[in-house]
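Next up is one chain by itself, shown in structure tokens, the form predicted alone.
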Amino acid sequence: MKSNSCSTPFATIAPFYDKLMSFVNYPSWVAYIEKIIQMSSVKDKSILDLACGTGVCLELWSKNGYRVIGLDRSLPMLEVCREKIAAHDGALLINGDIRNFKLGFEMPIITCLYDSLNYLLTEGELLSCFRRVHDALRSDGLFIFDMNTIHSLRDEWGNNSFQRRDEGLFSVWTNKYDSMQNISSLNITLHVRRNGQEIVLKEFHQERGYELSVIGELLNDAGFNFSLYRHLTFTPATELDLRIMGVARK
């Protein structure tokens, strides 16, 4: 059995990420966001997905007639994404950082999904991302995102370790929560077989939870009008929700 030292997030697990996330109902996320787009009367069917990962949502939107652009810092994740959307006309992938990206053109819709904003561990980083999004949006453009709450990271993830089996993959997930910084640290250990040999892959991830009032202040500072909802609903978000959705307009 071979083992690697802990790698940066979304490097070694990239080829296995879709299997690890097979429990996520991505079509429901896409349908919810499309409903927001329709309710907001945005006619231009073009979407930039920040931290697009392996491109599951990009592929779904492309099949629904959207022109899609994906941006991600992880080259291994983008390689998986590239294979997925290669056949879709007009799709564009960008290697970039959500904290400081610059497009050179404006978009009508920008999304950032599945905890990606929680990976920004300071208010300054989160504000920088919000400002870059505001700069990249057209006038009256939409920014739609989700975030894990402090309640989710502290009380659901907590200081726990659990094992999973996902389509033949065996993994161990160990969380440790820092209540002073509201940061959850996660060690993922993934056991895979290659050429008849078991290989152990390890990654280290960190997410920070933010009070809803802080998220709102930072969105205001970036120039947005916004609403925060309980995940995949239009019910106002509370600190007791596990995940919230943000809908911000330039």
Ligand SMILES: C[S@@+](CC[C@H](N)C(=O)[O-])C[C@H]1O[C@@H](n2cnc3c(N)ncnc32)[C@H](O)[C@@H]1O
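This is a predicted model, so every value here is computed, not measured. When you see a residue number, it is the position in the sequence shown, counting from 1.
Separately, the form predicted together with the ligand exists; it is not shown, and the next lines address it.
Shown alone, this chain has one stretch from 133-141, 158-166, 112-120, 176-184 that lies within 4.5 Å of the ligand in the model of the complex by heavy atoms: 112-120. Residue in contact with the ligand in the model of the complex (any heavy atom within 4.5 Å), chosen from S74, S152, S128, S171: S74. In the model of the complex, at least one heavy atom of D97 sits within 4.5 Å of the ligand. The ligand is not shown here, but in the model of the complex it comes within 4.5 Å of a heavy atom of F10. The ligand in the model of the complex comes within 4.5 Å of a heavy atom belonging to Y17.
The ligand in the model of the complex is approached by G53, whose closest heavy atom lies within 4.5 angstroms of it. In the model of the complex, the ligand lies beyond 4.5 angstroms of every heavy atom of every residue of 125-157.
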